[in-house]
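Next come structure tokens for two forms of one protein chain, structure 1 first, structure 2 second.
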Structure 1
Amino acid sequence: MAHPADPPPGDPVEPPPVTRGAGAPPAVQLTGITKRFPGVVANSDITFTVARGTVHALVGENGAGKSTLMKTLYGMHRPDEGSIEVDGRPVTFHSPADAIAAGIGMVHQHFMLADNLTVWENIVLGSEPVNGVRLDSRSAIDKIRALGTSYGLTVDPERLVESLGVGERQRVEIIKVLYRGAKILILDEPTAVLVPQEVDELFGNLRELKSEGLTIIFISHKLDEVRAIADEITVIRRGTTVGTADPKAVTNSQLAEMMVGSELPVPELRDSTVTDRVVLDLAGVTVVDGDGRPVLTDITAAIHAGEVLGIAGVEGNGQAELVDAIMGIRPISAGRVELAGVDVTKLSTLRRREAGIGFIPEDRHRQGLILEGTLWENRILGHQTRPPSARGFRLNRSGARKDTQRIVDEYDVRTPGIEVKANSLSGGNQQKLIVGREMSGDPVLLIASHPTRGVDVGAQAAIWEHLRRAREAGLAVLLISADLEELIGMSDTLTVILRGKLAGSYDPAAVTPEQLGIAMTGGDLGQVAS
């Protein structure tokens, strides 16, 4: 059958109207989907049925084939075998433009927005409305406001994206696909960077979209959230369908066992291993932006050997700048940074790395990997002057290859081999490669920024266990995470960062995620402060 025509440039697509009723065909029906890549069968005979007007969750461990399946539905891949039906009609997608024409939109885990453009400019990019030969900005802004009002996705179309918080950016991404006429939304890890209050707001938006007849495919590793929002859950494991589950009847443990064959992991530390030896000492650290405005003000903190210091905060409150200041990526305007008793304030990033800082970055694609590089080439990144990646002043390729294989084996990085490119791995396996690399070489301090973001429960458990073992061996850890359960469970000491300042310390044994979320937005929780 001929594939749908590409949408005409300049006009949002109007897909076929949604038909309701008990006899209506499924919004999406994937049957026998198989997709092979060199050396890997990513999907094998997968069947996936999504009823229209529902929220359908897709869960599975990293590498199970979720992303491949959704990219196939979105026209980014073509299946080697199997068929796709949308609203009961067989379709063949050659590109995302075909999927968009059929009423399918996808919101990716990593937001695809230009910070220097306004909200409306981001939304219409590629589908610009015109009046004659001129860009019709007024009609675009009016339509965006109308969409926001209809679906409870309020955001000012004329604001610059760089001024938006994480939750607002996500609303922009959802409006962007609705603007193009999507009636079926694929949301990839939509809550990965949200605090509890923002998750509640998102779920309210999704329920509103569902009430209007839209269909949502919700990909997540957070099983509590999946059970809270989904009408049905499909589990895939090692590239094939395991089964479906009723979120009202299934437990988290049962879902975890379907996904990975084991119990649900719990983020928790064992007996205290905190010593009196200070590894990282920050004294009055202040950082200003290019306009001279403070983004960090008088940050004073210490992390001891064997201690995990957790920092909670809504994204954009100075976490990234704090990491940059410690790493030497961003200069400080006042204060001092000491590592193991040595003042490193004026040292380069490379020298700080050589002094014993391991770094798991917030964005593995932008800061952690060369996606077109092989796994062993990525093993070298940040470690190019030290064994086993170097021998004297020369790169030691054989040493890097050998140690990459060790990391693959020890950290369960699922890959056909160390010569494949990093972009061939699932997100969770990319993360395990980074964690293994940064835990190598006996660091004295590990900066772990969202170390389990976008990974499944099995990979989560493995990363937590590696952090626990390293802590027991005396490693000092700075843990930054949007997962409040992880922060509470994996921290010896917990503090909140708010508008560039440390805004209070809390006892991980006493504070709840809800209380921590309130503190992160400036609420008063003196009764649980330690």
Structure 2
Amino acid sequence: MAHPADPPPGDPVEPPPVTRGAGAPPAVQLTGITKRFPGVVANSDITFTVARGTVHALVGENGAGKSTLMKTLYGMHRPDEGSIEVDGRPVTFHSPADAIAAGIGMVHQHFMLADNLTVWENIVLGSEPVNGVRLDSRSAIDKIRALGTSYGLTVDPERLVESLGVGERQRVEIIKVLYRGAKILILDEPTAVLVPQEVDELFGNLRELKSEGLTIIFISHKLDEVRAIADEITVIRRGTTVGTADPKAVTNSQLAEMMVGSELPVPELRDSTVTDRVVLDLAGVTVVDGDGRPVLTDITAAIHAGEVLGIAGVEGNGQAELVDAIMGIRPISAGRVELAGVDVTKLSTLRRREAGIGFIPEDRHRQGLILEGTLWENRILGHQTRPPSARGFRLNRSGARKDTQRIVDEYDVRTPGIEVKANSLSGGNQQKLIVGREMSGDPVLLIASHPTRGVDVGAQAAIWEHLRRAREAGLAVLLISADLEELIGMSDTLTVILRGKLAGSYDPAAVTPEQLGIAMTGGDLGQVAS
């Protein structure tokens, strides 16, 4: 894997000298910001300065308060205490409209898109071009196309957002901000869902924007990226700033120290534990979409006990369908799914789960949680028919509560308690809860879809460690991830999925993220194929 110190490839532009303090007022100056939520102090007395024309990274573990701070800056809520200055002028934002007017734009950690509207409608919303009263879709679409070409952010403006993959949605979000000509960009974990090529593209764009004098606040848990793009780094921890760092000087492990006070985790497996006992056996699995077009074609693969099968692929190449097919969420039109020698093709999702499939979904809000439910109710989800959650047809509430507490402790879920609703947890902590849940009731197969997406380094380490232990204990794992280092580091076998087909498998020991990236995008590199 790439050494942390190396600057990532394709990085010709030298960041211009950062204009600090001297004369020019900082683009953003947050002073003594405190924000409380019921049961949580998300930000307490945070001071945060961003010089104009720089990329300023904000890092911190899950729940540290990064998003909250940015939402405050973007006017989505008022701080309980503290003041905001933009370009030296003190401001109070009553709504994002004010922030937008002040030249601030934000790309949110969770997509803020209307599925049932077209891309261009989503982008122009709030600052629509009109002739008379009529929406001027033409000029909107043209402007979007122009933006797309000039920044390499290509997406068809006339498509419905609901038909877009995560990568495309991310691009739409960024175009949204650019469309408003924002001078200060807030990007909350924009790279969490992108493959290396896309990340490089994005960084290219960001540098371009920076060179045009824009200011960028960049949030990420991927420290290499942070050091590659940032001119300055601010670390916050448990709601307060612990200090700033110079990306040139600081190393990943030092950053990690500041964030969590622990070593930087590295995704890697110890010696192979692969057995010859086949746990999951896919034979010619084919899935067609509503219009009868195949989205998954003749997938044949096997995962053995103690083996981690990594699947690399650009978002929307059939990963979701593959997962759904194995989980029995959507019917397969041909092929066979066998779990530990038993044909489960005809079984319901529930039966398959009972047969020992654990499932970490890619979209925790959509498939992983009941946001309105308490943590312990979420613990029951997916295990509603099994102990400790159930006694026959009756729920075992105390059992569920007890086991939830165990998960919260073992997986270090930061929460005021197990009676709080899931939606008051930060993204990372929600993820830890899900991982804990899916690992319990010792499954034989774990489907892990982006298990560490948006999860801080501390949690990553924990999650990886749990995966390793389970693997040693003979768990078979299907690992899907956009984080290629994780994929390479954590897989015993690697295959690439491309347009619904498995396109060759690779040796994790030999392949590099870049090569994998090429393969994922349809390029050919037979030489590393094992």
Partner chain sequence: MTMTTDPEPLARPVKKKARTLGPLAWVGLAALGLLLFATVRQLTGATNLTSSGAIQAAIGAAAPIALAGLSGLWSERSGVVNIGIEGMMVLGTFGAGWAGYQWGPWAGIFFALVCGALGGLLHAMATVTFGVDHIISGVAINIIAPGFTLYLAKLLFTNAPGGGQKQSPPVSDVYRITIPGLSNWLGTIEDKQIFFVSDLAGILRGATTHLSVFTVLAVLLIVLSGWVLWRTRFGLRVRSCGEAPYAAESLGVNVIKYKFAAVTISGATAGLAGAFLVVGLKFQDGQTGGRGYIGLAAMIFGNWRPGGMAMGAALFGYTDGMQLYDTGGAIHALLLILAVALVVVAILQMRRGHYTIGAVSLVIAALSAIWFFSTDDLPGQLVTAAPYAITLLVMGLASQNLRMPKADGLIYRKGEH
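Quick note, the numbers are simply positions in structure 1, starting from 1. Rigid core: the largest C-alpha set superposing within 1.5 Å between the two forms. Quick caveat: nothing in here was measured; it's all calculated off a predicted structure.
J.: Would you check which of the pair is the form predicted together with its partner chain?
T.: It is the second structure (the form predicted together with its partner chain) rather than the first.
J.: Inspect the rigid-core superposition and answer whether the C-alpha of residue 126 shifts by 2 angstroms or more between structures 1 and 2.
T.: Yes; that C-alpha moves by at least 2 Å between structures 1 and 2.
J.: How about residue 170 - superposed on the rigid core, does its CA move between structures 1 and 2 by 2 Å or more?
T.: Indeed, residue 170 is displaced by 2 Å or more.
J.: May I ask you to give the angle in ° that the smaller rigid part rotates through, relative to the larger, between structures 1 and 2?
T.: Comparing the two forms, the minor rigid body swings through 19 degrees.
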